[in-house]
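The chain below stands alone, shown as structure tokens; this is the form predicted on its own.
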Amino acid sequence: MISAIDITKNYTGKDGTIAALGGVSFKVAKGDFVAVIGRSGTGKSTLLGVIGGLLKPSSGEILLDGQSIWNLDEQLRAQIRAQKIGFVFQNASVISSLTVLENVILPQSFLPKPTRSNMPRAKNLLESVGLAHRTHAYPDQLSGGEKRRVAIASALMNAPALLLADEPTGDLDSETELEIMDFFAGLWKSGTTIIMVTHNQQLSNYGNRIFKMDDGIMTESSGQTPTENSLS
């Protein structure tokens, strides 16, 4: 499904050039649950941005279903993101002026031909993340965990084949973290390909493949099949 070929990403600042990614190569098959672990600042979030077509690599190539996404213009790349990729960012990305339901439906507007049957799907997604009772609430009425669930439901609105998750439980209590990770495990079992980055090594137990990031270099280690309550 995804091939990364010798990806580098450099940032230039007042202290010179910083290599966030130093020649990363890997393949992710359809149906994988990949956990990328590492300390903060090791290039994990940069890697997700490059894979998802948000950050242009300094060199190298990303293939999604055999197509080089960085050889496309921005309009075509945006269409691919809308149709094939769901993003769960480190900070819950919800719009304060929209209701919970409106936040979940919003990604439909980015599709070339938005479907008319979006309302039932949005409500089903909210039910699946335990927020059916918060449909008409606004984000400022929600807890941090509830906002994160809204962001996850929104990321799944267009039924993406690939879900990219950046520290999806980073600021949550242990009970909510467990619930969200079990939800991710259920998505994986239903066929969604997931790439999740985290500094929490325990969460890597949900992945069937585990990679470690260290100073922009990624290596693979052994993984296990995700199971519910992997943290217990």
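Fair warning: this is a prediction, and the values are worked out from it, not measured in the lab. Numbering starts at 1 and runs along the sequence shown.
The form predicted in complex with a small molecule exists for this protein as well; it is not shown, and the discussion that follows is about that form.
A.B. asks: Establish, in the predicted bound form, whether S93, T99 and K147 all lie within 4.5 Å of the small molecule, using non-hydrogen atoms for the distance.
C.D. replies: Not one of the three qualifies.
A.B. asks: I need the one stretch from 65-73, 172-180, 44-52, 188-196 whose residues put non-hydrogen atoms within 4.5 angstroms of the small molecule in the predicted bound form.
C.D. replies: After filtering at 4.5 Å, what remains is 44-52.
A.B. asks: Identify which of K30, K56, K27, R39 has a heavy atom within 4.5 Å of the small molecule in the predicted bound form; exactly one of them does.
C.D. replies: Looking at the other structure, the residue within range turns out to be R39.
A.B. asks: For A20, is any heavy atom within 4.5 Å of the small molecule in the predicted bound form, or not?
C.D. replies: Output for A20 is yes: heavy atoms within 4.5 Å of the small molecule.
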